[in-house]
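Given as structure tokens, the chain that follows is alone and in the form predicted alone.
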Amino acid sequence: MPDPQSGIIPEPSQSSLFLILSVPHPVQDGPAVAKVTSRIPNLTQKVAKLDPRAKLVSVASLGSELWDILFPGKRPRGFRPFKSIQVAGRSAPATGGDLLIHLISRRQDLCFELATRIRKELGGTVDLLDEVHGFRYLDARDLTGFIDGTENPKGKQRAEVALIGQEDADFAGGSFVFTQRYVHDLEKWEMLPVREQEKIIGRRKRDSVELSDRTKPATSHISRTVIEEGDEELEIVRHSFPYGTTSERGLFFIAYTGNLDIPEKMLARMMGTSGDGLHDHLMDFSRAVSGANFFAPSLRVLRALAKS
């Protein structure tokens, strides 16, 4: 299988940086953006040499509209834009984007340095839609106080879950990227007793042990996002990070997957559009403010962008 980009398979580190960019003139500037994007692995290696112990890695992903301009008629099977959801006062907006840059390191300054160099090379060909600086919070907790990523695949299973295989051989080693940014209402959340918070999440706050089926509500976050089909659990590789200031705090949710159906099913169950009349009660305390799908090609395909 072709090699994936360096940031997909490793476990999340201490720091991350997410850039979502648009290309206002994709026909005119798309080839120039593609050439810069093809060089991101080399730029990453150059900055990583400043401190190899920081393990700086990166992923560059393209939105479906820009992809179709650069690779007409050669779309990965199942690649499609993010589908917005509006239901009963809950919203998962589709905010789009042509280019997603995801940087991961043990040092936030190296993420910043690499992002700065990439933006300089892209120049005026792109506009910034969103920039999020994520950080590891305490012992890998979300800002709600609960450990995040407990269900994440481990070891070799991460590649099996995240990457496209021979079922779509031209794009093997690539990965679909499902993103959302959430803003938490932590003042409202923190008014709840811990036991009520635990019922909403479906886990104990102290150690992330899953509640028993008897005590875990069907509307808990775990109940809505853990899906079994054919005796197998549907899985994604999460690289989500808390982010925030003292005035806005939330989570940048990002999932790598070989099948976009999986995160879409999870989101439908969270928002309450899966047909059973239930929704994830965590959504009563957290609202999505962005949503976009991308495709992270293998290193081989990414480098081919230089010829676009």
Ligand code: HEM
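None of these values were measured; they are calculated from a predicted model. Numbering starts at 1 and runs along the sequence shown.
The same protein also has a form predicted in complex with the ligand, omitted here; what follows describes it.
Checked against the ligand in the model of the complex, the residues 100, 201, 110, 126 give one hit for a heavy atom within 4.5 Å, which is 201. Put simply, of 149, 81, 217, 93 only one has a heavy atom within 4.5 Å of the ligand in the model of the complex, and it is 149.
For the three marked residues, 208, 236 and 286, a heavy atom of each sits within 4.5 Å of the ligand in the model of the complex.
Proximity to the ligand in the model of the complex, taken as heavy atoms within 4.5 Å, picks out 141 to 149 from the listed stretches 166 to 174, 85 to 93, 141 to 149, 110 to 118.
Although the partner is absent here, residue 34 lies well away from the ligand in the model of the complex, with no heavy atom inside 4.5 Å. Although the partner is absent from this view, residue 266 contacts the ligand in the model of the complex, with a non-hydrogen atom inside 4.5 angstroms. For the chain shown alone, residue 225 is a contact residue for the ligand in the model of the complex, at least one non-hydrogen atom being within 4.5 angstroms. Under a 4.5 angstroms non-hydrogen atom cutoff, the ligand in the model of the complex lacks residue 260 among its neighbouring residues. Contacts with the ligand in the model of the complex, taken as any heavy atom within 4.5 Å, map within 247 to 265 to 251, 253, 263.
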